[in-house]
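In the block that follows, a single chain appears as structure tokens, in the form predicted on its own.
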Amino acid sequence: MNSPRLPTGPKGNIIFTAARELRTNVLGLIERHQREYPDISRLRIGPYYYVNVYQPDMIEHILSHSDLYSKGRENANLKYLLGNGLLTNEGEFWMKQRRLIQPVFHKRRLATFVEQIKDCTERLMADWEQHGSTTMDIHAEMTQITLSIVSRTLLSTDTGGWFREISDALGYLMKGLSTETTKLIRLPQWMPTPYNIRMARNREILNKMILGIIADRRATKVQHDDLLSMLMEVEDADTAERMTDAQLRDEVITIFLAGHETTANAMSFALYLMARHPEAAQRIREETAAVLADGPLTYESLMRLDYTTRAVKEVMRLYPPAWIIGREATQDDVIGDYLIKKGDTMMLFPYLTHRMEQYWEEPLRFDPDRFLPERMKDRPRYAYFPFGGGARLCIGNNFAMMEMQLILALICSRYKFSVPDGFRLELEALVTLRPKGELRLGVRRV
């Protein structure tokens, strides 16, 4: 048996050989690396070593062994925005918080959110009615609706008046955090540089909103059936202590951001694909009409939207908002024939694995029926992992799927979309994968 060896990879320090591409075309850069090293590669960025992993069995090993692979060095960068929320936390405190938050995403609770999601969608479409046939920035529209949904279902509030300010603040923070990860030298966040001052100012906009909601809730003592009330009321089993405002802020902003940003991006890509594939939109329209013939959409009837569900999964295959997942090796390990060194940062790319020809026939083609059970049965489990995997599988995956199914079904039942002449979709791979600039589509009432 051969001794394990370090993965091969590009020579030299990528900061010096591909610094500009790392900042401006990271998707093109990782696609080229995958073509050169199809299974795994190891490269140096600044003083650190990164191991790019593409094969499902290797990905499963990493995500299934949280004792060997922690959230890692880049997690500290995300903590600047999210604090010690569920996404960035680790160890015993993460397990405790996960147990506390899990019940809000139970199927019985999800069923209570359907009417609120429907209402937010109807309100958006009612606004569209005022414009008639027109062209609009779909990403901005989807950002507005998902912000409204997460505010109402998880916080029992309406952030409509805050929309532009919150959206601009999130956009700036996302770009800033992404830029920070490519810097060879990172200045401390407390230093009063122009960049740090702007980042702190935009973070304060979010803090002001979240902490204001918490303060109002404590002052009024009005009961709400939402996540915030649950977190405010839960007590530690050992100390009987309740969460501080700082802890509440971290958990609320984590779920607020995860339930807003990623879903807005996915829905933007979904409507773009509906414009490119009107036959798919028509199938969703017909399926929705058949279900609605038996009564209004409910949580139970959503389960009958089989093609719509497959369409959402196919959107998430081609354009996974969580396009990259990072872990750090806490000790030496062996994956297949390869040696992983303690301290190596493991990079997993749903965006790339989801497009590998050995697992997906004609991978760049939009084909929801590739998710039919008979076509999925022989595919490796981690050939598709838009919500991560292992113990840290996204806690809100069922909520996100339900939300996207419902929005897509309702919007497609009433509207058709078209791609304007000359438009070409460009992607921006920041903390999440999103359309670059405006995503303008023609919108016309059915």
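Sequential numbering from 1, following the sequence displayed. Model, not experiment: these values are computed from the prediction.
From this point on, the text means the form predicted together with a small molecule, which you will not see here.
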>> Please identify, from 351-359, 212-220, 332-340, 262-270, the stretch that has a heavy atom within 4.5 Å of the small molecule in the predicted bound form.
In response: 262-270
> Even though the small molecule is not shown here, does it sit in the predicted bound form so that Tyr80, Met199 and Leu206 each have a heavy atom within 4.5 Å?
Replying inline: no
>> Can you work out whether Phe105 and the small molecule are in contact in the predicted bound form, taking contact to mean some heavy atom pair no more than 4.5 Å apart?
In response: yes
>> With the partner left out here, check for me: in the predicted bound form, does some heavy atom of Arg392 sit within 4.5 Å of the small molecule?
In response: yes
>> Check Arg98 for me: does it contact the small molecule in the predicted bound form (non-hydrogen atoms, 4.5 angstroms)?
In response: yes
>> Residue-level contact is defined here as any heavy atom of the residue lying within 4.5 Å of the small molecule in the predicted bound form; does Gly388 satisfy this criterion?
In response: yes
> Which of Ala311, Met274, Ile255, Ile117 has a heavy atom within 4.5 Å of the small molecule in the predicted bound form?
Replying inline: Ile255
>> Just to confirm, with a 4.5 Å cut-off on non-hydrogen atoms, which of Arg317, Arg249, Lys71, His139 contacts the small molecule in the predicted bound form?
In response: Lys71
